[in-house]
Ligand code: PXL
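Let's start with one chain on its own, the form predicted alone, as structure tokens.
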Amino acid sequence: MKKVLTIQDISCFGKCSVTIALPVISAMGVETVILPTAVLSTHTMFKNFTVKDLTDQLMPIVNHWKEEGITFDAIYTGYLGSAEEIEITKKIFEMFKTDDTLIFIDPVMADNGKMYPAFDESYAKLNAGLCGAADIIVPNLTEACFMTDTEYKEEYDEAYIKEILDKLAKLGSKIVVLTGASLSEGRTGVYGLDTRTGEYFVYQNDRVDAAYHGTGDLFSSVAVGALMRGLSMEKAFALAADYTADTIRVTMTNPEKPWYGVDFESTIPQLVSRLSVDLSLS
């Protein structure tokens, strides 16, 4: 069984970060190890949430793992709350990276043309440096623009997407994937570039007219799980895009209208079934 380490915070209530990554990747048949950077009472869309920073615990934990001879097939990072955590994450890569270890970075820091309140452009540059150590990065359009000093546009063409991908490639990661890339009205998905071959790849599905906290974490977690189970990059990202969209649709029908997160728990059986089909066809 493959083993993934995920480095991000725990929001105890709210369905994001570790509370998505752990159950989803585990359900896909991959052992999931967590390294929590902080514990929050809820995610940050709630008011008056509590936070316990765990930065000072990160190196003691990974040093213990190293002493025990623990290894990982992949390291997957999400929201990193400070410059110090980015630097520590670089050290963790150096400690556990082998020729067979996949480094997957979701540089969570911005959306809809704006940085999250806790971050600034200097943080974006640090995150760009971290991405240089990755095999795969999956920024959204806003994050990609901040990391590459590109003007953010809500209306764009395919040439604009390729320009951003070419700039992301210069950061140093092997595969760059832009999420939320729309090539036509009512459609959205991913647009990627394999920097080793220069080949682009694209997958589009129907846009769902709703937004929920944590859907980016859901997408990345499914992609990581699928890659660890042996799906090709294209199939892994197609599965992640379709499952995320389907889960949003299911959540929209919930009469309780859970605005704080998606009902991924109810759609995990469909994810496992689709994964089994994709594996049988691989």
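Since we're looking at a predicted model, the values are computed, not measured. Each residue number is its position in the shown sequence, starting from 1.
Omitted from view is the form predicted in complex with this ligand, to which the following refers.
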| query | finding |
| --- | --- |
| Answer range among 42-50, 23-31, 232-240, 250-258 for contact with this ligand, defined in the model of the complex as heavy atoms within 4.5 Å | 42-50 |
| Listed residue (Phe96, Tyr152, Tyr116, Tyr160) with a non-hydrogen atom within 4.5 angstroms of this ligand in the model of the complex | Tyr116 |
| In the model of the complex, the residue from Phe146, Phe72, Tyr76, Tyr79 that sits within 4.5 Å of this ligand by heavy atoms | Tyr79 |
| Contact of Val108 with this ligand in the model of the complex (heavy atom, 4.5 Å) | yes |
| Contacts with this ligand in the model of the complex, stretch 1-16 (heavy atom within 4.5 Å) | Asp9, Ser11, Cys16 |
